[in-house]
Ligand code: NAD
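The chain below stands alone, shown as structure tokens; this is the form predicted alone.
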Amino acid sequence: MKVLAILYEGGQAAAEEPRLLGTVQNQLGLRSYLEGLGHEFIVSSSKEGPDSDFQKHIVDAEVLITTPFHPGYLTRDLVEKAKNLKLCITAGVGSDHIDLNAAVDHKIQVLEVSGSNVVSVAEHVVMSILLLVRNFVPAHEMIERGDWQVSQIARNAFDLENKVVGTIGAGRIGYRVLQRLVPFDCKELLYFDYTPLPAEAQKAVGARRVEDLREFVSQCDVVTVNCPLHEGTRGLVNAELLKHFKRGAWLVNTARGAICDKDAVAEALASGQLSGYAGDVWNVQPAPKDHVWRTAKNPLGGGNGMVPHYSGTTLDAQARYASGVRSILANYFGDQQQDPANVIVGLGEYVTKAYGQR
């Protein structure tokens, strides 16, 4: 059996740090396991175009392992060429790089390692909120330049206490963000989701659900995006919705880049409609060098908290999702039932409600 893994290049860092399991070099710790069972294991970062290792090997691979941090985009066209493909595993959380409708049609199972990086991402969200609200990045850059002008930083720095913070999506990550915000004594915690939280969970964080998205964003000082990317959320935060934000609000997106319209966000930042935008997800990954989010700033020259996609691939998260991938493979090889929480697409049907369905 051929198992194909598309992972990111680790370079010297992976050579020096074996816990960087999600890299081409360290291969999720799977090579000896898979080859010991007699399987062929192909690992590469090459994923773009017809001459890529991804497209060369997908035609006869039975198992595909991908990662949200360096996604191999499995389109319907590629699914139809992949005659042997039976199982797609996401090493992490988020399988929007796979055409899920095509997977349903071709009876290809899609699984991810549910919960493997939810704490990691939730922590990154809170960090991003704080660095925007406190105007941290311009302050640090000032120090690096050798300057010292407190007023230039303090003029746009605030406390998180007594602010209204809302999450678009209150699932595994969104709820953990709310939990971590409770000690900051925010004025109010809000959430927008297609389904209400269980009463006990909602009470535990003191959150209020707002059912209309425009009304939701108009009440928030900080909006954080924590929902999956699918047909219903692509371009959800666009120029029209941004008009309904409080002027000077902060926006954090660690979900998927394509949920936010890149140009609309940059324009809102430049105009001061947004005071800041932070996150680690981009509509194309790796992001082009000229991507507008790399350099977008607010009128005071700050407000940019963008980083490469790493919030869910801390060393702790990598240990969890590498272990989860191995467990999924063991269940598959042994014809054992998979953990239901990991199954996105079963044999010819959606199993989860997290992704938009036809």
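Owing to the predicted nature of the structure, the values given are computational and were not obtained by experimental measurement. Numbers for residues come from their place in the sequence shown, where the first is 1.
From this point on, the text means the form predicted in complex with this ligand, which you will not see here.
**Q** Report the residue, out of 118, 164, 205, 126, that has at least one non-hydrogen atom within 4.5 angstroms of this ligand in the model of the complex.
**A** Only one option qualifies, and that one is 118.
**Q** Exactly one of 184, 245, 136, 192 has a non-hydrogen atom within 4.5 Å of this ligand in the model of the complex; which residue is it?
**A** Looking at 184, 245, 136, 192 one by one, just 192 meets the 4.5 Å heavy-atom criterion.
**Q** Should the three residues 88, 326 and 346 be counted as contacting this ligand in the model of the complex, with contact defined as a heavy atom within 4.5 Å for each?
**A** Negative, none of the three is within 4.5 Å.
**Q** Tell me which stretch of 263 to 271, 225 to 233, 139 to 147, 154 to 162 has a heavy atom within 4.5 angstroms of this ligand in the model of the complex.
**A** Only one stretch passes the 4.5 Å heavy-atom test: 225 to 233.
**Q** Though only this chain appears here, would residue 254 touch this ligand in the model of the complex if you measure heavy atom gaps against 4.5 Å?
**A** Result yes; residue 254 sits at the interface with this ligand in the model of the complex.
**Q** Even though this ligand is not shown here, does residue 74 get within 4.5 Å of it in the model of the complex, heavy atoms only?
**A** Residue-level check for residue 74: no, no contact with this ligand.
**Q** Would you check, heavy atoms only and a 4.5 Å threshold, whether residue 174 touches this ligand in the model of the complex?
**A** Yes, residue 174 is a contact residue.
**Q** Check residue 69 for me: does it contact this ligand in the model of the complex (non-hydrogen atoms, 4.5 angstroms)?
**A** Yes, residue 69 sits close enough to this ligand in the model of the complex that at least one of its heavy atoms falls within 4.5 Å.
**Q** Where, within 279 to 303, is there a heavy atom within 4.5 Å of this ligand in the model of the complex? Residue list please.
**A** In sequence order, 280, 281 come within 4.5 Å of the partner.
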